[in-house]
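Given next, in structure tokens, is a single chain: the form predicted on its own.
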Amino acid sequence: MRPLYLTGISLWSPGFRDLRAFVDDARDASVIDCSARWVPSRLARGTSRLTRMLGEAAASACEAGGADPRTVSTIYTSGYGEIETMIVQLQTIFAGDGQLSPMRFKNSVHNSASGLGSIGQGNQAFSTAIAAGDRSVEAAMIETWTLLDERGGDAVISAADDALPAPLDAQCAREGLAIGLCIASEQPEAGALAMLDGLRMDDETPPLPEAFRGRALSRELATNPVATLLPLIDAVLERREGRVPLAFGVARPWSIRVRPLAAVRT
């Protein structure tokens, strides 16, 4: 398949409003939610923070990459999807009066962010939502590569997983993280951050990332499936050519080769 070009990166996490703050480790305790600017406020009522995280990552990556939000293809991915809304729905069925909220039910589906973002921008281009557990980033990259190889154009990958709700948090405590990548099938005249090629399956099982730009990652952040993209971001920021895995702690992960082309403006 043809190489792809990374044109924009975004990041949001509780305490970090954007990629620059995360790179600089400039934590702001007041940052506890995001806006999902692609979605009008009327449509955003009743959405989960995960939906807003996916929307924010997609909008910011698209803006950073100079793509058109009305025509760009979108690939949303999350290991657990709208798990918080689903838990509330199940509690209502089994311990409450069984009367499900239509608004909450509407927002419990895995493609909530995809649908709301497309409606908000009047975007009728390809859009999908993927849930593949700890391999969700891999699945999203393969989907994106196949799409752009066949159709060309621009696509945004929006990957996000929030902290798990009770009782699941007792099994695995995680910190919320959303990352967006804007990717083009052709190198734009304005330039690209990196060329991506060499998508393949490897034999080695890479361990969880322990650090990002020299600082240790918490276990709660490193175990978030979206943290898989941190080594890719680090390679682009450091302008370091090499292969990066698209999943950690799994057998036969997929990986890609990153060839940095330009400095990132955070």
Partner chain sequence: MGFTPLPITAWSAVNALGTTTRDVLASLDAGRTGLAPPPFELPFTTYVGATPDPLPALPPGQEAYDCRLARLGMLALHDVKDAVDRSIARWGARRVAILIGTSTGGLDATELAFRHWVAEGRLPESFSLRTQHGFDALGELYARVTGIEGPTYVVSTACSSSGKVHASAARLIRSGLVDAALVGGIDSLCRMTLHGFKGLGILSEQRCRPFAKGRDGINIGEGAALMLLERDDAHQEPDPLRVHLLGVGESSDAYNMSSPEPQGRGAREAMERAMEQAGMRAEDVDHVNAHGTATQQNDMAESIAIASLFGDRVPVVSTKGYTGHLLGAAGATEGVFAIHALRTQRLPRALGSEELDPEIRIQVPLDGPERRVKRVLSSSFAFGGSNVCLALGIPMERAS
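Numbering follows the first chain given and starts at 1. For clarity, every value in this text was computed on a predicted model and none was experimentally measured.
Separately, the form predicted in complex with the partner chain exists; it is not shown, and the next lines address it.
Undergrad: If contact means a heavy atom within 4.5 Å, which one of 153-161, 175-183, 78-86, 189-197 is the stretch that engages the partner chain in the model of the complex?
TA: Heavy atoms within 4.5 Å of the partner chain in the model of the complex occur in 78-86.
Undergrad: Quick one: does Ala263 come within 4.5 Å of the partner chain in the model of the complex, counting heavy atoms only?
TA: Because no heavy atom of Ala263 falls inside 4.5 Å of the partner chain in the model of the complex, the answer is no.
Undergrad: Spell out, yes or no, whether the shortest heavy atom distance between Asp203 and the partner chain in the model of the complex is within 4.5 Å.
TA: Result yes; Asp203 sits at the interface with the partner chain in the model of the complex.
Undergrad: Does Thr128 reach the partner chain in the model of the complex, with heavy atoms at most 4.5 Å apart?
TA: Yes, contact at 4.5 Å.
Undergrad: Might Trp254 be said to contact the partner chain in the model of the complex, defining contact as any heavy atom within 4.5 Å?
TA: Contact with the partner chain, yes.
Undergrad: For the heavy atom contacts within 4.5 Å of the partner chain in the model of the complex, list the residues of 138-174 involved, in sequence order.
TA: Ala139, Ile142, Glu143, Thr146, Leu147, Asp149, Glu150, Arg151, Leu164, Pro167, Leu168, Gln171, Cys172 sit within 4.5 Å of the partner.
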